[in-house]
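Below you will find one chain, with nothing else, as structure tokens; this is the form predicted on its own, and questions on how it binds or moves follow later.
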Amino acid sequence: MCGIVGSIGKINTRKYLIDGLYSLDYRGYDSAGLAFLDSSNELKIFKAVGKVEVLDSIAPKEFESSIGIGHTRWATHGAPNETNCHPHVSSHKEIAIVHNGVIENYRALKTRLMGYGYSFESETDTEVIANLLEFNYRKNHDVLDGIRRTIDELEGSFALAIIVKDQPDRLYFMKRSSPLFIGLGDEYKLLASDAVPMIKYTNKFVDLKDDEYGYISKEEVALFKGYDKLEPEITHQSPEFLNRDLGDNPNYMIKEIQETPQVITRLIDNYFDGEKFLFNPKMIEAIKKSDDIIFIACGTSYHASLMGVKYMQYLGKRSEAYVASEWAYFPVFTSKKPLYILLSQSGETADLIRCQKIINSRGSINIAITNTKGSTIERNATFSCLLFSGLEIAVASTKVFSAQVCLLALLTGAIEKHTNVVTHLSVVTSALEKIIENKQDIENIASKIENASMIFFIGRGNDYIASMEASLKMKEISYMHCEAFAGGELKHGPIALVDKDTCLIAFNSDMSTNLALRNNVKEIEARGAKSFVISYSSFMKDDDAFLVDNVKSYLSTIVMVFVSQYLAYYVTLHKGLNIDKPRNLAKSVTVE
């Protein structure tokens, strides 16, 4: 989940590296570092524990260099200290690297290299790669041959930017399972974990594929796989969807929450032309012919996939959802014509990539639903559906959840050939706009629950799914202990935890369960807990905490989760915590 950048050629090296790391710190912010060759071809390394701001303060304000690499870290091997911070340098100081990914066989490689006299300072798997590269390079002093040998020996995932001290005119790279892009400028070339750091410099990119390696110079891209030289495939990115401008917003989370209505409108525009749906007809036909629709996802995307299961079951399809990290190791095959739908905001989720490899090895059809065009999952899917949500920077996903549920609803409408889903979604956007207007009322609720010892989120049916996502969001950024339960399950054990310091948030959007849910609320109140009911306005009670406009029941999760995003936001704001960058988390989960 780390972020890497690199540059070579006629460009302000320091500015690109530091600015690039700022733009990638959503991938990890335990520590940061950079390396460059100065005008005397000496390797200079600067590292700092903490966010990129700390590195920015200690690195020279100016330096003469035409080649450099940088890194912002989410720790996997070794504590976030200066020794474990990237870049890492080989024992003989010939090679410096930054790395995103996890090397599974690093212990065996480390033991072997120690037998050849190599020493290690850090606890990281990355330092093993640096020494292995140097060891293989020293065999015949051919960097490309050394990289090729190293790729063959490594097990796991990696995206690397590599400086070789006696090759100052080339910046080397290698990639497997972790994202890496090349940016093309006239007299400079760039590397980064995604296009965001490079979009101010170019809109032309090369999206590297697994086991590709090579080098960039100020004028050239040399790309290889195995012993074959490849022709780079150039793609273009729109700056509109890579915009990091906060505008008048104090942080990215609130900006992204409030972009949700526009995201839904944009999705409708991309998948419906006013008369007919615009999904790939072959994809629609594949869904119709399948006998089992299997959703696989992680975290927030998994909760969106639970709505997808309900939509497919409504169409008469057998359907289920699995957590990717579990299915990857315990895959389930129960039908003759399965179709898999993979949901990922980044399209680079490591657990999901592992699942996709299993699916593809069986020749099964899979559909990627992602926000990132050209990502690993999108590229390797049979079909893909983009979310067009724009860049999501805050670690806690908000607008993408709504986009995923919206897209699944549109897809269901396309399969069923019912265009009224578009009208229903327009009602949702109006309901969201009204919630935005009344967000101060949600802040008032937040002030009443922020000191609770524990928060229960409950609901029934779709509202139970909303409760699960609401609980996750509150955990992620406020660090409060909270749990989600189906309303009727409280009395089967969890109610034993309730005391006067417990708070209950109940989502109530279904008339058929309205009375049952309110009875569950009374059961909790009788044990001394404070309760707050978020309800449809059509069956409100005088003591309900917040009302939302009615939308169609199959879309209720969008509006209830939207309220919960504000709730988590305001609790965290009142606690004075870092809203966009919660502890121990990173945005793009590129490690298993």
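None of the values given here were measured: they were computed from a predicted structure. Residue positions are given as counts along the sequence shown, with the first one as 1.
The same protein also exists as the form predicted in complex with a small molecule; that form is not shown, yet it is the one meant from here on.
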Under a 4.5 Å heavy atom criterion, is residue 393 part of the interface with the small molecule in the model of the complex?
no
Does the small molecule come within 4.5 Å of any heavy atom of residue 207 in the model of the complex?
no
In the model of the complex, does residue 344 have a heavy atom within 4.5 Å of the small molecule?
yes
Would you check, heavy atoms only and a 4.5 Å threshold, whether residue 402 touches the small molecule in the model of the complex?
no
Only hit among 126, 178, 509, 397 for heavy atom within 4.5 Å of the small molecule in the model of the complex is 397
Only one of 319, 258, 300, 131 comes within 4.5 Å of the small molecule in the model of the complex by heavy atoms, so just point that one out.
300
Using a 4.5 Å heavy atom cut-off, indicate which stretch of 228-236, 467-475, 407-415, 99-107 touches the small molecule in the model of the complex.
467-475
